[in-house]
Ligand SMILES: Nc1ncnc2c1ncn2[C@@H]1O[C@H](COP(=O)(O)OP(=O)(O)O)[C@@H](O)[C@H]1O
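So this first bit is one chain, no partners, the form predicted alone, shown in structure tokens.
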Amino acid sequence: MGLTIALGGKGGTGKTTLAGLVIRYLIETGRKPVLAVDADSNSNLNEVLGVPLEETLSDAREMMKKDVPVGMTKDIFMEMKMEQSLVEGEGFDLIAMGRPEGPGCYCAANNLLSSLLDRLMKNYDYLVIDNEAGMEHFSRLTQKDVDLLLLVSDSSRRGLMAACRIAELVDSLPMRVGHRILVVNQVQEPPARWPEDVEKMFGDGNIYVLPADPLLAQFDMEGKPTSRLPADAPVVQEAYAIFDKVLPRAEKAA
């Protein structure tokens, strides 16, 4: 497997939009094939990317409990359902985890899904994981090896502190993070300096800003895929400038 990029942060900060722009950047700069994993229970990365989504891996897990055809093993059934859940795009494939677990034991299904995903990911040069808001997937060690961690916040203190808490959690877990940055999104005017906790956690040169872009809000309101914003849109230009800096570093360290 190639480079793993994971995104995290408080809900409503534009995390999924940034994930879409990362995927677009990777494809446009020849870094492909890309596997996009929507690990948010409120799956909407497909909307950002402009592709349909009919099934999730959670759907497959539910079906495994009661709908495995006679004569078919659960392993083969889950592999078949995972292939059916894979959405093909231009330069990328997308798979969505789906809603949280319901009642009952899912240990066997989750372990099976984890092993199937591990096998699937080896076929791609780049993996982009859009995590659920908060710290759930990190605390469960969904990613044990991350080359580039993008923590996304708005300019509110709550958002910034959430990003710091996720960074603290990641530091405490037995997982490797090659490079970690904070992206502060929807900024009208950057402050003279960030709160001391933020600067201490991320350090000099690892805090980046994306501007508030009215066109982004317009695309979102009209239901247009935000990953298809025009190349001259301020948020696209600034995001690409960030990726130009941080991706080569992560690739070199991987």
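Because the structure is a prediction, the values reported are computed rather than measured. When you see a residue number, it is the position in the sequence shown, counting from 1.
Note that the form predicted in complex with the ligand isn't included here; everything after this is about it.
Proximity of Ser227 to the ligand in the predicted complex falls outside the 4.5 Å heavy atom cutoff.
In the predicted complex, none of the heavy atoms of Val51 sits within 4.5 Å of a heavy atom of the ligand. Shown alone here, Val235 lies within 4.5 Å of the ligand in the predicted complex, counting heavy atoms only. Mapping the unseen interface onto this chain, Ala212 counts among the residues with a heavy atom inside 4.5 Å of the ligand in the predicted complex. Residues Thr17, Ala217 and Asp220 are all found to lie within 4.5 Å of the ligand in the predicted complex, as judged by heavy atom distances. The candidate stretches are 180-188, 156-164, 119-127, 82-90, and the one lying within 4.5 Å of the ligand in the predicted complex by heavy atoms is 180-188.
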